[in-house]
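Okay, here we've got a single chain as structure tokens, the form predicted alone, with questions on binding and movement later.
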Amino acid sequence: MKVLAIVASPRKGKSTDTLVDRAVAGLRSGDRKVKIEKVNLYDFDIQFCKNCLVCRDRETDEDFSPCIIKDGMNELYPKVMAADALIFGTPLHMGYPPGILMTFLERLCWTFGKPEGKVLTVYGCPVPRSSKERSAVIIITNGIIPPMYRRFCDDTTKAIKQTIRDSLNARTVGSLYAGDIENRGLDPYLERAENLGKKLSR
């Protein structure tokens, strides 16, 4: 089992990083043999999507439609392709994904998805190019908003969940919202993050 842990926080060694590490520890404690790689998106040159639609419109039976932009995503695409499971860790910025994570998700959409889906009467929605099934967990951190208010401010979990479902054929098996960290600290969330990792291993 190959697992890719993706961190979208510029603050290395802080809350998001720590909770992802705890999820990884929980994953390692399972019985299954796993190969885990952790990447931080801020270590890569990830350019904005140019909306050229070359990846979307390329007709191919392959699991991947290459992007015309040559940047750090060229190193990340094979890692995503090889992954059987994903761990996403990110802070919440104004209720939304940080810019680098949103750009990463946009760049995944049509490289791994094809416009053959239908939602209600709308055709052209992304469906996975690959039949490979993946699983995922999502960890969200926020300094000031308590968990009880998550539903009012967390659009990030939805964005990740929907993109990886439609493009990567990934099922989200659990998520953690670690809120109000500036007052609560990380202790209330450490075990829950570890349990997420264990859940992913199953």
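What you are looking at is a predicted structure, and each value in this text was computed from that prediction instead of being measured. A residue's number is simply how far along the shown sequence it sits, counting from 1.
What follows is about the form predicted in complex with a small molecule, which we do not show.
- Stretch 136 to 144 is the contacting one of 60 to 68, 47 to 55, 136 to 144, 158 to 166, since its residues have non-hydrogen atoms within 4.5 Å of the small molecule in the predicted complex.
- Residue G95 is the only one of G72, G117, G99, G95 with a heavy atom lying within 4.5 Å of the small molecule in the predicted complex.
- Looking at R192, you'd find every heavy atom of it more than 4.5 angstroms from the small molecule in the predicted complex.
- In the predicted complex, the small molecule lies farther than 4.5 Å from every heavy atom of R184.
- Not displayed here, the small molecule is kept clear of P126 by more than 4.5 Å at the level of heavy atoms in the predicted complex.
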